[in-house]
Each structure stands twice: as structure tokens, then as C-alpha cells.
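For reference, the chain that follows is the form predicted on its own, supplied as C-alpha cells.
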Amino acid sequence: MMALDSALDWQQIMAAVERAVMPHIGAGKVADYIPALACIDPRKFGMAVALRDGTMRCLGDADERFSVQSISKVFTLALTLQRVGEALWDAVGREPSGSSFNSIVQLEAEKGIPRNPLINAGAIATTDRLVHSYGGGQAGAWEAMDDLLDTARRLAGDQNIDIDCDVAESESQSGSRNRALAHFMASFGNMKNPVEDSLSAYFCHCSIAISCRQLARAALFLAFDGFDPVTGEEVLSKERCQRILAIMMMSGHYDNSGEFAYRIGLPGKSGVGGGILVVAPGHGTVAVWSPGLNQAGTSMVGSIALEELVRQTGWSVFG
């Protein structure tokens, strides 16, 4: 039987997680196709658990900032749903992709409508609608990113969250595949702004530098039906929060999503910067970072840490 959160021995839990990951530190391959990420030390590891009362339990490099990459898609989706509502689903589907995060084959077969908002094409289309909601164009892109950053800082209770301009530039310079996806969607009439304007916002939000502690705290509303349990702020409606968690469970790790659900049993989102965010509904949020990735682009050591954490806490939604 799962122990009550108040009865959990966090010192013992975090020690067990540390024992589980130590033999594997440095495993996996960093995302060297993005030049600014290629030089990150693969032996880095950090974890932060945010609980209902705002208490944090941390391990390792939990306060070192890393490139959020695709984890930002969760926050972009939340903000876009707030601003454009259900109209977003005219541009983006809600089905698992079962394909690589930057696949163009599926997009062609489905006439420019991405499978979900957490694959690259879907996140670009979502970002495009967000930019359009601020008036469109380059001015709309900058205003959207300012609002997204302000939201992340407010939810984290920390102003020290910024876009890493070097990573954003590196993303842009190596972004040929993302440009192909965007132009392909534009050819089907599924982009409302000039491609480069929407992509500039996309590259920026994927280049936010954030720590595990900041990320876990900023996402805490997702574990409590859209309400920040510490401040009482309604960040998102309960219904939309539930929908985002469903999409994270089905599609948060691309063609590795089924394996992640099987092993960890929590809604999550990974990024090729080595971060993973998971949500334990009614309990809290967990952010973990270790740069070495598996073939699907999910942190290898991060996944091991999360699997052990769930074993220790019983937080799986299936158990």
C-alpha cells in the first residue's frame, strides 16, 4: 500500500535514488547536433522534488541551470490554451506520434496537421498560434516570449530564469529540419505568421535556461488541477490541466512515451538538454537533469532516477 506523503522518509528516498543512479552517471550521448549543447558535461546530475507546501527535496546539481529544450512545450501549450482556447485543436492533433520528434513523413501523410503539440511540428504550430494571439509578426513573437518568461519566473518564485541567447542562436543555425517542418505546414495553410517569426519564438522558448529546482516549482500547478497549491493562484482550469497531463502521458517522450509510461507511470516531458519534468497528480512535481540521452532523446540517468523515485514513493498513476 502506498504510504501517505506525510509519512515518506525523504532522506531515505533520495539516498535510494542516489544509489540507483551512481553506477550509471555519464551514460548516454549528449545532443551534439545542437553545437551549444555538445560541450555539456555528461556526468552532471540533478534532481528536485516540489511538494504541495512548496517544500523542495534536492539532489546533486539541482541548482545548476540547463537548457530546457522541449520541456518548454508544456508551458507554451498551457499559455496558448489560455489565450486561444479550443481553437488550437484546429491546427494540432492530440494523438501519440510513435515517430521521431522531428519526423516530416507523418506530417506529409496528414496534410500539415501535426499529431500533437509536444512533437516539434506540433510545438511550432502551437507557438505560431501563440504569436498570432499577440498580434503576430516579430513584435508578437517577442511579446509572447516576454509573457512566457514572466509566467515561468512568477510560478518559480525566481526571477533568475532567462533565455540563453547562445543556445537560441545555435538552435537557429542548426534548425534546417524545423524550418522544413514549418514551411511544410505553411504549404498546407497551417501557419498564421511568417515562418521565421514563429520559429524565432520557438527557438527562444526551447533555449530557456532553468534549474531543476526552478522547473519543479514552476510546474507545481500541474499536479494540483491547475492551482498553485502554495499561492492559491489558478494558473489553468482543471479541465485544461487534465488535458495537458493526458498529452504528456501519451506523447511526452516521442517514440519512447510507451516505455516511459511502462517504467515510470507518470505524465512527463523530456528535452534533449537532458532534463525531464514529471507530474505526480495530488503529490508534486519532479525535475531531473542528466545530459546523456537514449536513442529517443530522453535522459538515460534521469529515467533511472525517476523509476527509483516512483518505486520508493508509490506515486505511479497506475498504482
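Fair warning: this is a prediction, and the values are worked out from it, not measured in the lab. One-based numbering along the sequence shown.
The same protein also has a form predicted together with ligand GLN, omitted here; what follows describes it.
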| item | value |
| --- | --- |
| All of K44, S299 and G302 with a heavy atom within 4.5 Å of ligand GLN in the predicted complex | no |
| S257, heavy atom within 4.5 angstroms of ligand GLN in the predicted complex | no |
| Residue contact check: C206 to ligand GLN in the predicted complex, 4.5 Å heavy atom | yes |
| Any non-hydrogen atom of Y262 within 4.5 angstroms of ligand GLN in the predicted complex | no |
| Interface membership of K73, ligand GLN in the predicted complex, 4.5 Å heavy atom rule | yes |
| Per-stretch contact check against ligand GLN in the predicted complex, the hit in 282-290, 268-276, 50-58, 22-30 (non-hydrogen atom, 4.5 angstroms) | 268-276 |
| N120, Q214, T126, S198 - the one with a heavy atom within 4.5 Å of ligand GLN in the predicted complex | N120 |
| Interface residue in the predicted complex among A62, I40, M250, I34, criterion: non-hydrogen atom within 4.5 angstroms of ligand GLN | I34 |
| Ligand GLN in the predicted complex - contacting residues of 177-200, heavy atom within 4.5 Å | N178 |
